[in-house]
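In what follows, one protein chain appears twice in different forms, each by itself as structure tokens: structure 1 and structure 2.
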Structure 1
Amino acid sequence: MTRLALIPLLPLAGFLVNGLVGSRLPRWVVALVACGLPAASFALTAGLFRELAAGGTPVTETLFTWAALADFRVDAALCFDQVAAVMCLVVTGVGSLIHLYSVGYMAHDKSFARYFAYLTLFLFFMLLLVLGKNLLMTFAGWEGVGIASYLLIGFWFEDGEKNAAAMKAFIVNRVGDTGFILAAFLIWFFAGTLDFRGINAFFAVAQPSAAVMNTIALLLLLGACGKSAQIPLHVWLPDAMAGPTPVSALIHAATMVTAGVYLLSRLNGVFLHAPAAMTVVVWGGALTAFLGATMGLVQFNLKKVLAYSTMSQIGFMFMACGLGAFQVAFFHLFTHAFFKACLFLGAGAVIHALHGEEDMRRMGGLAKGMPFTFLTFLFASLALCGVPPFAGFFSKDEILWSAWSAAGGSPALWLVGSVTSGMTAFYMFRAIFLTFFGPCNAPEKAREGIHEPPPSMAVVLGILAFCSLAAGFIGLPGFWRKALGFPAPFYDFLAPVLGHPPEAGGAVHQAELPLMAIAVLAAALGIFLAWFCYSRRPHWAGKLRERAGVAHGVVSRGYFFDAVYRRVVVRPADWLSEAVLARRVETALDAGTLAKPVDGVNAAARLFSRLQTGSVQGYLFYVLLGLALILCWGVTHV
């Protein structure tokens, strides 16, 4: 077995060990298996990455033939190219850190082994998704992460609310998956292959009509919107915060929610030849980024603030994809994994210290009792806000620059992105001032137990905070690359698969530095307003909510997406299933397919039971009668 196959199989082995016998093993053994095998997978990934970065060729491996019918053949095959390498580093690296963090966070949970079994199962399916050489393998991982996320979100299944959140995430994702399946059928019909390289190569030289290309791209976009929580399929993401906080960090920071960005980038050959669909991608991403930021402004649940932030940042990535800057989208995916995981795990440390409290109004003053956690949370927040020299500045600035300078960009698109960036800074520092500054509003019992997280959690926070600061330097913006002569190793590495970021020239290029300064000023203004409203003049926040009136109510209720779906989809579906299908269709089908055969069997049983009289003479008569019938049949057919 090669190193490539071992990358996903090692987490699968962890799932089997902890899932089958973990409840009978000591906790330290469960933790060793759960942390050691993903770490080994990361080490294998790093080794293959070094070889690829040194000029090696992509590694492929065919495990077995999945299906072979006439001209339809699909192999269970893996491919480790530049795009898969970046995704695998993120999934295994951040995933291993979250496993280590979970050892401390879940130390007292009664289902310790089951939790780690689900976590490693999720890692296996996510690696299968990104390493799949064709659409069928990717779809197997795509569905697998849906199942694993359902198990993790509903981990505390005794709570009905958490079960409902898990079911909601599962069902909404199935809506998106329908688009994925239909797109795969159309791709096969026109291209005759499900292999990613073959698909991109075919559509590069032999595109069908524009209507067909846009239909395929929009169906793929529907699947991507489901996984990546983009409007209108974003409604599952805030409720998914019901799971343990490390689960939120794994699913909603580095892995599952970025699957949509991965799919768009992997099939860039399709999208680049579907201009109408690209317009939908870019403006859909911009709208998601903007609305996600506005919803983050009014939340008081710390994890939900981060959830809406994730939705907004994935919107930025979709914007970049819609502009054809797939490399830039991938760079923001890479940096986002570090600072958003750090934020979720920092929130987990706060919640852990306050015995499960998530409402920021019942926090405050925690910077004194948790200075290390505060510092890591601050670093990650500065990266998210796009403050230099933190990682988010480099990746987000490239997206905003693409929004201005790319062929599909415009000043209006750049303005939406810049305003969203300013709102991001406001709601993140609003969370910081409510959580870490001001008077402590925590319950009396919680105040006595405020403490820094244990070493297994603190080490992870420190590593992620450092990466939130340093990760951006591997992809400097175009202005700095030209002015300082620095390379951009991240973009150079991805170039064989995704090409280089489009470079602007002339007068357009001269606008990059002023636009960069405006973006930084927008972030600074957001931070200043948050300080003024929640630290300097905290009573102003309540007055602003009152003056906002109806607008605040609309935003705080998530623009009524859930209410509309409940009225338009859920209630009619309930009525159709109960009043029509259950009472009329299903009852008639039961009578025809189940009741009638049962009645027939009962009648036959009663008939034959009457023949069982206990009389030997009667039995001999039946034997002779049977022999006579057999002889008659034989004579007539000779």
Structure 2
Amino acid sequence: MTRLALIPLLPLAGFLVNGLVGSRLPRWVVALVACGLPAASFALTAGLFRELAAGGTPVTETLFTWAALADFRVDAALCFDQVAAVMCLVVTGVGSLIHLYSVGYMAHDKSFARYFAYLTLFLFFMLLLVLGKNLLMTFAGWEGVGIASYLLIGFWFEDGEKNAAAMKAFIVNRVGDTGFILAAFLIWFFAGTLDFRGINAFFAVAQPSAAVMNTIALLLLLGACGKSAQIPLHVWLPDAMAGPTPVSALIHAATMVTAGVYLLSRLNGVFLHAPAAMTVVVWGGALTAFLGATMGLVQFNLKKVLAYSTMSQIGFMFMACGLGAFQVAFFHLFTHAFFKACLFLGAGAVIHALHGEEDMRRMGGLAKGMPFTFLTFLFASLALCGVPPFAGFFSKDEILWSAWSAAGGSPALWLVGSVTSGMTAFYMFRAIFLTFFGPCNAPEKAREGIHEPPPSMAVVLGILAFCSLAAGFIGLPGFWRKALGFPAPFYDFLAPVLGHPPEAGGAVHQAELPLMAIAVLAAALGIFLAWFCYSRRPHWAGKLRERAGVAHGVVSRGYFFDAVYRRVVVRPADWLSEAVLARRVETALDAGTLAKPVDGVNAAARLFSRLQTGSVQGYLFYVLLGLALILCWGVTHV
């Protein structure tokens, strides 16, 4: 059992221990197991990463043969190459931190062990997804992650609403998974292998036809959209906030939602040869980013704001992938994991302090009560808005730059990106001002309860805030690399798998600086507007809302996606099932096959038994009749 296999198996062991005997163990043992095992697997990942970074070759390990048929052979195999290393680091790193954070957050919850069992189960499936060497292993992780998120979203299952949200999440994910599985079938039909390396190699050499390539790419995109909550399969993400906040931090910020980007980057061989699909990815990403940001503006629930922000940021990543700049998308994924997790955990601390209150209108003025949380929240927000020197600036700017300069990109695309990042800044700081500044309109008795989160949670917030600050420097954009002469280790590390970022010529580099400046200006403008609307003139927000009127209504109802799905999908299915099938078809079938034949036979029985009149001479008449018939038959035929 080599170290690579241990990485996913340790969280599985954690799940089994906490799941089976967790309720009987004391809480500290459960916490130890839950935090220790992911940490151990983080250590293992770091060890392997160090070897890989020091010029090592990707480690692959075949556990066993899953299916060995005459022509369909697939093994249960893991592969630790550059892309997997980065994802593994993020998953195990952020995962362990969130486990630590959860110990404090869920301290007083009665099913403590069950929570950690589900969380480690999620880690196991995510690692399976990331380390999978072929599409089958990744799909196993893919759906496993779906069921883990179902269990975690519906963790407090007494409340029917939460369970409905969990169900919605799983079913929408399942729609995406159908796309994924169909793509896998198509890939096998043409490439004859499910192995990532084999697929990329095959499609690099022989592309059956543009239509086939685009179909495969679009099906993969459907799968990615399902998992990464991109339009049109994004409706489950806001409802997924029903789960505990650390869950949202882990699943709906750092790891699961980025699985889509991972899949796109993994199968870049397919996407690079499907130009039509690439444009769909780009504009899909851009549209999601923009709509996500607009929806974020109108939210009052703190976690929902962050959820829409995640959706928007991943839209940016999809945009980068669509432009062929997979490594840039990856870098943004890397940095986003840190600051978005920090934001969610910060929000968790706030909600924890206010005993479950999530509505920003009943918060305010928490900066005084929770200075440290406010500071980490501020750091992460600045990173998210792309203010230098925070990590977000470097990764988002690189995306905007490739939006401008890359082959698929165009100034219009860049403009959408910039406007969205401006809006991002606005809604983030709107949240900050509503939560941390201004009068504290929390109910009386809740006010005294406002306190800094316990040290276990604070430490995690600190680390993540620091990473949001420091993570940017390992992937400097082209201009700074030239100016400061530092190399970009992140991109160099990913080069063997995802290739180098598009090395624009020297002259074009000059254009990068003004774009960067514009982006920063947009962010600053967003922050100023938020400050102006929400702390200087709080009543302006109300006026703005009336004037927006119809637009505000549309946006706040999530562009009617939910309503459309309910009317187009859910209600017809129920109608079909209840009105048509249950009432008409089933009863018709029952009557047709069970009731009518029986009545027919009984009627025949009544008719036949009337033949028995009781008179002998009647019987004799039947005999004569029979005899006559036979004789006529005999005579005519002889």
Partner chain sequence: MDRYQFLVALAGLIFAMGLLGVAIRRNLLVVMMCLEIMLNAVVLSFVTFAVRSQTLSGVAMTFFIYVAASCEIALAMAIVALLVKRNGSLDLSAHQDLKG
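These figures come from a predicted structure and were not determined experimentally. Here, a residue number simply tells you its place in the sequence of structure 1, counted from 1. Heads up, when I say rigid core I mean the largest set of C-alphas that superpose within 1.5 Å between the two forms.
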With both forms of the chain shown on their own, indicate which is the form predicted together with its partner chain. 2
Core-superposed comparison between the two structures, Leu620 Cα displacement 2 Å or beyond: yes
After the core is matched up, is the C-alpha of Leu20 off by 2 Å or more between the two structures? no
Any CA movement of 2 Å or more for Ala40 between the two structures, core superposed? no
Backbone CA shift between the two structures, Val580, after core fitting (angstrom): 2.4
